[in-house]
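Shown below, as structure tokens, is a lone chain in the form predicted alone; questions about how it binds or moves come after it.
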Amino acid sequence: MTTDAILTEGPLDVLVLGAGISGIGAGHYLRTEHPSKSFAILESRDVAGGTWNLFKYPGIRSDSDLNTFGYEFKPWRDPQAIADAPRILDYLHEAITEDSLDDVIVYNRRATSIDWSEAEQLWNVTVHRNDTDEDSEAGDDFVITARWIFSGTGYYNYAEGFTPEFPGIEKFTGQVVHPQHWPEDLDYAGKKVVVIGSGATAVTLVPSMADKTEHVTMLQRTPTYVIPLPREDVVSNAMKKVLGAERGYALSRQKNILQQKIVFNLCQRYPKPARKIIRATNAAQLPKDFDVDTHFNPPYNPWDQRLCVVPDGDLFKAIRKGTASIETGHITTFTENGILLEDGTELDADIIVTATGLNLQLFGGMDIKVDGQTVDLSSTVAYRGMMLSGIPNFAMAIGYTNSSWTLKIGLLCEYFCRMLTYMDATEHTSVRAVADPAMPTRPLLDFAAGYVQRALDRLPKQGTQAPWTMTMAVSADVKQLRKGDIVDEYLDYRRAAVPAETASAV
């Protein structure tokens, strides 16, 4: 296992935060585009994989197809397109091995604060030890330096999920579980389970638990759009078989990017017909007497929130089989034996799963300072979706909300590496984006999901025109990131100041 030595030998050219799908991707691009640069990947947990290792609940899987959620540089070879977590983890660990990233990942280390020194043109990073070794104790902090920070920490709090305040929860005599903290020894066989929620986690849990429980009920306050997709992409698998893994994967990727774009644009442009199509699809999958308009009729338009995917229609199958059901309503109170709804319905439960969402948190909650002054993230503006105004040598990885996350991460890494190349050629040591204080701004993410709405006042902003927008389309980001200018009126490149004694000697 990599030790702290890689961190303390001298200023790193790049410190990558997080060994999840974004951090591993950044490691690949640094290895291939800048092999001479020193970098390390700081991981707060004892394993790589990020989300795909953190969550342990039954059935955890992607809700994006892996032909687009996978890396552009590494073909997805597994026949599953909507893949479960173990397969995704195998893929990520293969990527680590193929790029020899084991030598640069430092586990059980978390950056708690970073402070940019303009005089030194360096980040001073306070690192917290989450474990012990022969030379240190858990809780010890130490400081390292880096020229660049690349934050691949994701967008939510890994330590704690979101659970609303439920009236009477203390009365319930059964077990309450949040999916983010799933007990490995949880025995739900033959028990009555209520899953509170209607998002991707809930629609994954319900069919995954249904065959073992006495019955599982999905309790939702408001419905979500749910669409069935084949777990295996027959066309993509045929392309890979006929054309070879690499070429077939590349074509599958383009096919699915186009499909995602068409579906999103049609839903946004023609919400009423899109709603009717989704409803008809749901009705065809459900029992004839099922109340579709109560349980699958969201109050918002398609793609105002992310669509929930159910592979091979597994949620609908469980409902048809009678092992799972849906209740739509508001909770009055928890009781000793379950939940009482406002309409008087009582749901008996031995186990209640609160699949109620995430707590959004950027950059692992670390404190960001510039010359000792804490940066108010809500006063910053995103530049090309990669940098934040006024923060030097800091790149962030935030993917798409309406498509596969990784599609954007790859393009961000390309732009980041092109910027490093330019700075090497011109001997610049720092760069920051400078926003016009009078520029109109809007929320960073135009997304109605609850976890986003709860955090908007703490998040950076985006502008109304490029390059200050959080683009959510691959075609636009190909222009903005892959082909976009490295030098423009908004970027302030600087060189380290020459010491006075050196200048006088020249």
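Numbers follow the displayed sequence, beginning with 1. What you see is a predicted model; the values in this text were computed from it and never measured.
What comes next is about the form predicted together with a small molecule, which is not displayed.
J.: Please identify the residue among Y156, F162, F316, F290 with any heavy atom within 4.5 Å of the small molecule in the predicted bound form.
T.: Contact check passes for Y156.
J.: Under a 4.5 angstroms heavy atom criterion, identify the one residue in N237, T356, S403, N282 near the small molecule in the predicted bound form.
T.: Exactly one residue meets the criterion: S403.
J.: With the small molecule left out here, work out from 434 to 442, 477 to 485, 43 to 51, 463 to 471 which stretch has heavy atoms within 4.5 Å of it in the predicted bound form.
T.: Among the candidates, contact is made by 43 to 51.
J.: I'd like to know whether I21 contacts the small molecule in the predicted bound form, with contact meaning heavy atoms within 4.5 angstroms.
T.: Heavy-atom contact with the small molecule at 4.5 Å: present for I21.
J.: Considering only heavy atoms, tell me if R109 and the small molecule come within 4.5 Å of each other in the predicted bound form.
T.: It does: once the small molecule is placed as it appears in the predicted bound form, R109 has a heavy atom within 4.5 Å of it.
J.: Taking the shortest heavy atom distance, is R306 within 4.5 Å of the small molecule in the predicted bound form?
T.: The answer is yes: R306 has a heavy atom within 4.5 Å of the small molecule.
J.: Using 4.5 Å between non-hydrogen atoms, is G390 touching the small molecule in the predicted bound form?
T.: Answer no; every heavy atom of G390 is more than 4.5 Å from the small molecule in the predicted bound form.
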